[in-house]
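Single chain ahead, written as structure tokens, the form predicted alone.
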Amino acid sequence: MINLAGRDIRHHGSRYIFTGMGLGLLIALTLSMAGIYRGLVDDGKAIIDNSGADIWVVQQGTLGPYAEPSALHDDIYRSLRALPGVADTGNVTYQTMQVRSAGKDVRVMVTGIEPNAPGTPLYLVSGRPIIRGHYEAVADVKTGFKTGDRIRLRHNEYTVVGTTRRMVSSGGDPMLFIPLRDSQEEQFVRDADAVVTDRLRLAQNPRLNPPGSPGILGAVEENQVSSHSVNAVLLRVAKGADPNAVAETVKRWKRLGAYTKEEMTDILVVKMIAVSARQIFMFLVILTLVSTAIIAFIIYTLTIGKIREIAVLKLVGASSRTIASMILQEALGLGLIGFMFGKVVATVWAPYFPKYVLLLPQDSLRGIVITMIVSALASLLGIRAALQVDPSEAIGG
């Protein structure tokens, strides 16, 4: 009995294979879209897991420090450290900036940390951690910075003393760690021109500078006070302590926002990337529909090209079920070739995407199942055309 898929491979092998490879590119794009979503989720979890914190204390009423702005006084850690169940605290600041490196602008999340406190990188791939109070930096390898590089952030110049890996923001931007005091100056202290402008405004406006008020001196003091702010205080709970109980204590007695690791994961993964997840899902649906249409068209075209062979099969007594199974085999074979090629392509080009692409084995398993289902559905058009072939065409052809 003639096997239509085998016949195509024997007589038109290159066309059949290249058709499958073309389909594979579409499947590779579909797998990559799923990997991009997985990467977004993994980036959100990475910033939480790599911080070494159990609780995030932020400004009350905010979802900070990643989802919303948050500002706290940097001396509040003293009262937090005295709470039952708190083992360690660490002030942190976060600010997204553009840093110039080798003639290119690199978007990074500048993170201010205290040495050996929660928030510092858990491990380094080269160099050493920050040990001085000023002008040292540790960079994620995705920034492109290397140990010994000198970079400038607004007011000051920093030396990269170490590099780390998988320290990224929730948006996938690599992190650059600098000492807390330096980061406070970079983020909260205004430049000299802004201070001079405020002085002139106060001097020229009696309503803003009434007699007996601090006036110009007050503007300077306000500028200095702002440099004693942080975005969050990270807590590490003592062994055996319940993070949820500690967080409730912070909320009740300190009138601050406090989120456990599970709650912060929910904020980053569920709330922040919800829109991106829905958009990626819509792309996946569209790509699935396009793949179905393409496979259907290909199978229909291949079936029309074999009308004489199908007519011969009918003439010698082949049942409709037999003919339908042959076309189904051809469609499944095309889908299998496409998936194998697509999986290889997706694996090869994943590291070159600007953001992290995470290809999970379970997604590949779902992908091949969906590919086979889509191929089977797409074969229905070709099967319908084959079943309508008149056996007399085998003689009249």
Partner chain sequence: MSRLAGLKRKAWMAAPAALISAFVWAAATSGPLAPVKVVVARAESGPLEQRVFGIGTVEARYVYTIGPTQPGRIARLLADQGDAVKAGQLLGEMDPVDLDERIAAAEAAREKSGGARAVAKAQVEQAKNRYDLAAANAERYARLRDSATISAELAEAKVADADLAKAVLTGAEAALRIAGQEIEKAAADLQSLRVQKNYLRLVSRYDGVVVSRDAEPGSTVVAGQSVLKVVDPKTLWIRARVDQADAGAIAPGQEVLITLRSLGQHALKGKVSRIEMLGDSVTVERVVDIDFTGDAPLRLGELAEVTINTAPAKNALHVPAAAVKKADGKTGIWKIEGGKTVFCAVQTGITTLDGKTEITGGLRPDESFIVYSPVELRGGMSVKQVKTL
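Residue numbers count along the first chain shown, from 1. Here the rigid core means the biggest group of C-alpha atoms that line up within 1.5 Å when the two forms are laid on top of each other. Just so we're clear, the structure is a prediction, and the values are computed from it rather than from any experiment.
This next part talks about the form predicted together with the partner chain, which is not shown.
S.K.: Would all three of K271, I280 and L380 be in contact with the partner chain in the predicted complex, where contact means some heavy atom lies within 4.5 Å?
M.R.: None of them does, since no heavy atom lies within 4.5 Å of the partner.
S.K.: Within 4.5 Å, heavy atoms only, one stretch in 299-307, 170-178, 127-135, 320-328 touches the partner chain in the predicted complex. Which?
M.R.: Within 4.5 Å of the partner lies stretch 127-135.
S.K.: Residue-level question: is V348 within 4.5 Å of the partner chain in the predicted complex, judged on heavy atoms?
M.R.: The answer is yes: V348 has a heavy atom within 4.5 Å of the partner chain.
S.K.: Classify P361 as contacting or not contacting the partner chain in the predicted complex by the rule of any non-hydrogen atom within 4.5 angstroms, answering yes or no.
M.R.: P361: contacts the partner chain in the predicted complex.
S.K.: Flag N156 as yes or no: does it have a non-hydrogen atom within 4.5 angstroms of any non-hydrogen atom of the partner chain in the predicted complex?
M.R.: Yes, N156 lies within 4.5 Å of the partner chain in the predicted complex.
S.K.: Any chance H228 has a heavy atom within 4.5 Å of the partner chain in the predicted complex?
M.R.: Yes.
S.K.: Counting any non-hydrogen atom inside 4.5 Å, which residue from A67, M340, L332, L29 sits next to the partner chain in the predicted complex?
M.R.: It is M340.
S.K.: Just give me the single entry in Y259, Y94, F145, Y77 that has a non-hydrogen atom within 4.5 angstroms of the partner chain in the predicted complex.
M.R.: The residue from Y259, Y94, F145, Y77 that makes the contact is Y77.
S.K.: Is any part of 19-40 within 4.5 angstroms of the partner chain in the predicted complex by a non-hydrogen atom, and which residues would that be?
M.R.: Residues within 4.5 Å: none in this stretch.
S.K.: Kindly check if the Cα atom of S70 is displaced 2 angstroms or more between this form and the one not shown relative to the superposed rigid core.
M.R.: The answer is no, as the C-alpha of S70 shifts between this form and the one not shown by less than 2 Å after core alignment.
S.K.: Look at L358 and decide if its Cα position differs by 2 Å or more between this form and the one not shown after superposing on the rigid core.
M.R.: The answer is no; the displacement is under 2 Å.
S.K.: After fitting the rigid core, is the C-alpha of F339 off by 2 Å or more between this form and the one not shown?
M.R.: Yes, F339 moves 2 Å or more.
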